[in-house]
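Below you'll find only one chain, the form predicted alone, shown as structure tokens.
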């Protein structure tokens, strides 16, 4: 437990978003600074690790959206939190089959972790890609932002609400170096912010992605200044509820939140109703949130699997459909993961995959 001290640095009390930022992203001791979390050898597997079909569908959606935008000759694509680079690798491979699109695209990867950037560069070697840590380097013109399991990895705040009085959860370090939770009065600005969302009005326990919204605010600004949109796929729920969704995983198994700090992944579920309200408050239109299953099936993943399967041996076909089930099964990723699309007001309402 003595190792807990390094995540508090010189503070005795930290709001939980700051504490988990230290645990996950500290340059020396943070989780993402010390290991590659993806794949069988890591702690969890994402949809692009399960099947390249997922990545192909994202690629086709991006190309379809480029067509909706009128096939502009210069077109910006920004992946948020590109993981191990596997998703973008498939997108680039698919792009080669569409020469006009391939020539127009400009790829940016929004990534702050040096270890992951190194891995991404190894996988994506030879492609024209720019790695960015802010959005000011993106050239003018139409733009798509997209992220797979990006938002759930950004630390959240937690609040307790009694009528309109709001208190925030902090962690403190005890003398024996164990961590305990305490509630302190929320700042007036945070109280005002939390109370401004209709989605949260009836809740007594609130999870609020203040850091995530700060990043999205910058993205929204960029979308509003051009013809653009943002697509997010993430683990989460639609109906706001009084629930602590913080969870920790190590080696593909659940982990006690305060065990293996700096060695285990920590995430929270995304409140898609809150996310939708945020986008609307910031002058974007929002499509109705759908499940990953609905999105992938409406984009033709079953038809694509059928075409590929014809060229495969039986054992390869079995593996293909086993992986496909993991992506689509209602008891697995199919409905646990949701998809949201926000876009500028003067865009066409016709986006593939959404009604």
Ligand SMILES: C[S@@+](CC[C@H](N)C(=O)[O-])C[C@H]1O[C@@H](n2cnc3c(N)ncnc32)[C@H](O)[C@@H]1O
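Positions refer to the first chain, counted from 1. This structure is a prediction, so every number in the text was calculated from the model and none was measured.
Separately, the form predicted in complex with this ligand exists; it is not shown, and the next lines address it.
- Proximity of residue 148 to this ligand in the predicted bound form falls within the 4.5 Å heavy atom cutoff.
- Taking the partner from elsewhere, residue 215 is found to have a heavy atom lying within 4.5 Å of this ligand in the predicted bound form.
- Heavy atoms of residue 81 reach within 4.5 Å of this ligand in the predicted bound form, making it an interface residue.
- When contacts are judged by a 4.5 Å heavy atom cut-off, residue 168 does not count as touching this ligand in the predicted bound form.
- Among 113, 227, 255, 273, the residue placing a heavy atom within 4.5 Å of this ligand in the predicted bound form is 113.
- Scanning 144, 153, 194, 261 against this ligand in the predicted bound form with a 4.5 Å heavy atom cut-off leaves one residue, 153.
- Comparing 319-327, 43-51, 65-73, 282-290 against this ligand in the predicted bound form, the single stretch with non-hydrogen atoms within 4.5 angstroms of it is 43-51.
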